[in-house]
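There is one chain below, alone, in structure tokens, taken in the form predicted on its own.
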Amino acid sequence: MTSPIPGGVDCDLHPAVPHLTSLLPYMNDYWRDQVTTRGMTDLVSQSYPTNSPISSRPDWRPAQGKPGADLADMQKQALDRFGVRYGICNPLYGVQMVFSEDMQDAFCRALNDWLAKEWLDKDARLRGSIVIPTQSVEKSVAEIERCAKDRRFVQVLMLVMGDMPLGKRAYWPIYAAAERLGLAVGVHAGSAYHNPPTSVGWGSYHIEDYVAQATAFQTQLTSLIVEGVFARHPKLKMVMLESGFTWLPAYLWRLHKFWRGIRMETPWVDRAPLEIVRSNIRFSLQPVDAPPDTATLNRLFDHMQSDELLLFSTDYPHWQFDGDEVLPPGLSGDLVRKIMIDNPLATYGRLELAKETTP
């Protein structure tokens, strides 16, 4: 087993909203009345069904309530256990599934305020991601600007399966705001379920949905590169969260081959895809979707041609590893430090900035 080192940055923690009524104190009178009158109690996404084994390690699953809903549990089971210096909270609550622009905006605003009050205020190690109402780019930019006043927010959070490819120019004001404010953009596994989670339609089982996330990340990465997002926003960092990473070398070989062949179609892509990935894209460590073989894993790292792409993550409370085996075996001490400390600090420029003002 490769042992973690103290002072690491956990880039993917999932604090759970106990139920929709937990957000009522952070809504105005109109939206509190809407939630109450409509009898709305929760927004549960099919991406992470509460009782699915992968949604929580057995020893991290509480006797009552949702996994990840208790700060003391997160502190004991993830922050303290792995010696974390900073932990980035990525709430995966179903607010982005809502079709109404106004309701989605109100719910995202409440979720971000809830995160700041109930989690960031209570543990100085925690940092936050800004969940945005992607149904409205204008409202998304406004929410980014509002929350960014609190320096503890270090990232904008989007889902890998939304309404359209992430490279589309309609989304560029979001990326411009993130780049201007020094925020990374995190793209997390999950779907708004406005479209089927596979390219060929709706499957029957949760495993089909979860495995399909990797192909969604490939599709979105292609879109971001060929549409020219990083030509327009060269300082923007995007983090693929819970994407896996073993698919990356073969994917880049294929993308590079066809970029060379038909590059006249996208002349604004003035760097090879591999160069763009090296400079602008990062990947969370978990889930490690590689064979439990040190030689194979090290060969994969060689094929990735960079030791700066991976960021430490536990994916708490999701069940991606057992015991303390949060790092794959056979990693060198230098690579462990890069993954756990150096790479996250280089990716999230706001991590060590002091809190200035709250939203």
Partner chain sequence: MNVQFRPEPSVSTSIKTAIADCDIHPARATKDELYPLLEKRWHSHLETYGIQAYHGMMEGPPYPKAQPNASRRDAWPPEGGPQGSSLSFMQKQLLDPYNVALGVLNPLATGQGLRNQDFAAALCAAINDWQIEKWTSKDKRLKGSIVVANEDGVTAAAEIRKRAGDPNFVQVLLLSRNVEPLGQRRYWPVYEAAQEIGLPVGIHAFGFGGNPLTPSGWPSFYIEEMVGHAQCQQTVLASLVLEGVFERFPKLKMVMIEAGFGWAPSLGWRLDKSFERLHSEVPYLKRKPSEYIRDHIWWTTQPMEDPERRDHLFQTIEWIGWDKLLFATDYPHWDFDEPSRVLPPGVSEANREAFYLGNAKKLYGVA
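Since the structure is predicted, the reported quantities are computational estimates derived from the model, not experimental observations. Numbering follows the first chain given and starts at 1.
One more form of this protein should be noted, the form predicted together with the partner chain, which is absent from this view; the next part is about it.
Stretch 256-264 is the answer when you ask which of 86-94, 173-181, 256-264, 69-77 has residues with heavy atoms within 4.5 Å of the partner chain in the predicted complex. For the candidate set 138, 102, 289, 270, a heavy atom within 4.5 Å of the partner chain in the predicted complex is found for exactly one residue, namely 289.
With the partner omitted here, the residue from 276, 116, 236, 216 that has a non-hydrogen atom within 4.5 angstroms of the partner chain in the predicted complex is 216. Contact check for 195, 208 and 244: all three have a heavy atom within 4.5 Å of the partner chain in the predicted complex. Proximity of residue 305 to the partner chain in the predicted complex: non-hydrogen atoms within 4.5 Å are present. Contact check for residue 320: a non-hydrogen atom falls within 4.5 Å of the partner chain in the predicted complex. Taking the partner from elsewhere, residue 81 is found to have every heavy atom lying beyond 4.5 Å of the partner chain in the predicted complex.
Not displayed here, the partner chain is kept clear of residue 122 by more than 4.5 Å at the level of heavy atoms in the predicted complex.
In sequence order, 160, 161, 162, 163, 164, 165, 168, 169 are the residues of 160-174 having a heavy atom within 4.5 Å of the partner chain in the predicted complex; the partner itself is omitted from this view.
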